[in-house]
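In structure tokens, one chain follows: the form predicted alone.
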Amino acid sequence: MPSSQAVTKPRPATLVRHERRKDARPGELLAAALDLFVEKGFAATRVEEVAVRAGVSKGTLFLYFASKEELFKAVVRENISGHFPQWNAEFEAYQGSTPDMLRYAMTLWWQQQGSSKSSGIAKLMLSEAGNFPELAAFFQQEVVQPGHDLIRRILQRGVDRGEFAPIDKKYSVYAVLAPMIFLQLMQHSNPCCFDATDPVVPEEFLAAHVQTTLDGLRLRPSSPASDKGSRSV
């Protein structure tokens, strides 16, 4: 007599692979979208291309993302704005001096963002944001403002600890941002805009810029002569 207990047949390996791939599809779609957005820009990228590069159908893409705009927002969150909680936590936990913190922050930015494909998103926004005001507002809210706030907190930490001179809170942020924007543009621009005979080494460039910035930020003890001169002005 056959047993009344159902015999579970092993599932074909192809089915298991298919299910694993289905679970991975959002990540594959985001990776494909990042590649195409950076290569072609937002306007020129079609969702059909993203689906083909990810190896899924257009219908599958729309199961996860309602529109190309929502797909782009998910790419930004996955690659940039989703890291701000971690970066802010590192700021809170950092025990060293603020000059060392600034060096560390710039090095970490290059390792995680500047040297990665996601750095092309900044160039995309600079060139296309005017045609897509909703995406521009989204990028301002999720990337630009949190980034400015974090840099401002680093600089203010230096002032509060007596390591930096009082600063202009509005414009000093751009002194830190400038080399980051430059490197992102350099990474994704025609090389004819730069000196091919003496190429920029990003790590060396950042180190030099941070040192120049720190030389300008450091609080220097004033001498009696300089105090007297400042009072006479």
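One-based numbering along the sequence shown. Please read all numbers here as calculations on a predicted model, not as lab measurements.
FYI, the form predicted together with the DNA isn't displayed, but the following is about it.
- The putative spot formed by Val176, Phe182 and Leu206 is not touched by the DNA in the model of the complex; no residue has a non-hydrogen atom within 4.5 angstroms of it.
- Heavy atoms of Val38 never reach within 4.5 Å of the DNA in the model of the complex, leaving it off the interface.
- By the criterion of a heavy atom within 4.5 Å, Leu34 is excluded from the residues contacting the DNA in the model of the complex.
- Among residues of the shown chain, Val47 is one whose heavy atoms approach the DNA to within 4.5 Å in the model of the complex.
- The closest non-hydrogen atom of Gly59 lies within 4.5 Å of the DNA in the model of the complex.
- Look at 90-98, 67-75, 113-121, 154-162: in the model of the complex, residues with non-hydrogen atoms within 4.5 angstroms of the DNA sit in 67-75.
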